[in-house]
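The form predicted alone is given below as one chain in structure tokens.
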Amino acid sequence: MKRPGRGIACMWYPIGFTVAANPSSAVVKVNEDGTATVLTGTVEVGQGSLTVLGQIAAQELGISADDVHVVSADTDIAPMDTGAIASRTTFVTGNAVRLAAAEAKTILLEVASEMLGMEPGELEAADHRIRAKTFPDKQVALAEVAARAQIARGRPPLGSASFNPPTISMDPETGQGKPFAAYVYATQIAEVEVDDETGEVEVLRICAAHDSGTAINPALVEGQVEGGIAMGIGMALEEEILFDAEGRQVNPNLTNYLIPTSLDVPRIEVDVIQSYDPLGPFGAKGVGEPTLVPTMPAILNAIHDAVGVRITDLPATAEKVLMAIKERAEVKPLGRG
């Protein structure tokens, strides 16, 4: 008989460590045609970070993300970056890009102020133009300003910056301190069906609500959450490294080490909770690793709700679930609770 169950799990997760130096740096240059180039040492591993970094630069410069070219991960030309770790790229590297773009924008505003006869503080960059804040019709094309800055004024609009979250050492005696600059929060709910005759678990649906600060790219955030949930399902139910008596791995390939396929991914509902972190670029924090953290406990809690057994040794394979059901049946008839 297949028994339904629901489980919930909540989590908090740190973003961008501060117990040690954690810097990122970036270079942003605005070209004569009004496009921009961003140099960063961070690495794109499929999470969409280069898209987000390009969006951050575009927002600061008042141009389209399509007009930003990001050059990354080449240590011969790109400035230093601590790395794509600790779910820090948007938070730390994004701040470096924003500051570098702001420095380049300062040059543009100063040159445009001469062209428009206004103070730099009275101007803003928006819609590919430098314009007066109070008189938007008084404006000049950003590309024209960039070309004049370089050709006539000899000041290429170039910015470089680094960002390091405030480094706060831990107290060596108490172990107390602030090891991270920001935290994200999430809740996931899993719906499952457990076959009490075979122990097989099927995940039917997962609902996920994640607070990652202000989402620079909501579609990428949603995709990250969905990908993390897929990984969490594998960790919860399938993925297991097995060794023989001599310590040799007996399943060193994807034939016997099972990972979820598209057919194993259930219906996923994602709610991106918008908040604002004052230290993050435009209020953003991060979303990477936290996406899979609540998935396993939510599924295990759902299994307990369905058949009343606690699996504490991942993955919760059919064999483990069935053995737990049989052991429980010797003590208490099968049922919920």
Partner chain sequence: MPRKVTEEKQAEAQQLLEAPPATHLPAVAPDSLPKAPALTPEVNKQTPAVGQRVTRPDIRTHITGTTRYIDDLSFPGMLHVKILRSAHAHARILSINVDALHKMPGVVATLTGEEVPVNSFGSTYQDQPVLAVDRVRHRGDGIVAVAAETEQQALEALDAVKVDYEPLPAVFDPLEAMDPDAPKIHRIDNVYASKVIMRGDVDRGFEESDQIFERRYTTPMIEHVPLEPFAAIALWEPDGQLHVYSTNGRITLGRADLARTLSLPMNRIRLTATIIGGNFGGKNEIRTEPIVALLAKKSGRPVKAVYTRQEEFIASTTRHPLVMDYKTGIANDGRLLARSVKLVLDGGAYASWSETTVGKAAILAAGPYRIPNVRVEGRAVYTNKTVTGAMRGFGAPQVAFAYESQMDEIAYSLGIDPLEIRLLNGFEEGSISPTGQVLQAVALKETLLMAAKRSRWREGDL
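Positions refer to the first chain, counted from 1. For clarity, a rigid core is taken as the largest C-alpha set superposing within 1.5 Å between two forms. No experiment lies behind these values; they were computed from the predicted model shown.
Form predicted together with its partner chain: not shown, discussed below.
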Contact residue in the predicted bound form, chosen from 266, 179, 156, 120 - any heavy atom within 4.5 Å of its partner chain: 179
Students should find that, of 195, 114, 144, 240, the residue having a non-hydrogen atom no more than 4.5 angstroms from its partner chain in the predicted bound form is 240
Taking heavy atoms only, is residue 321 within 4.5 angstroms of its partner chain in the predicted bound form? no
Would residue 249 count as touching its partner chain in the predicted bound form under a 4.5 Å heavy atom rule? yes
In the predicted bound form, does residue 222 come within 4.5 Å of its partner chain, counting heavy atoms only? yes
Its partner chain contact in the predicted bound form: residue 33, any heavy atom under 4.5 Å: no
Looking in the predicted bound form, is its partner chain within 4.5 Å of a heavy atom from each of 17, 64 and 275? yes
So if I measure heavy atom distances to its partner chain in the predicted bound form, which of the stretches 133 to 141, 101 to 109, 252 to 260, 195 to 203 falls within 4.5 Å? 252 to 260
Since the partner is left out here, which residues of 7 to 35 would have a heavy atom within 4.5 Å of its partner chain in the predicted bound form? 7, 8, 9, 10, 11, 12, 13, 14, 16, 17, 18
Honestly, after the rigid core fit, is residue 174 moving at least 2 Å at Cα between the shown form and the other one? yes
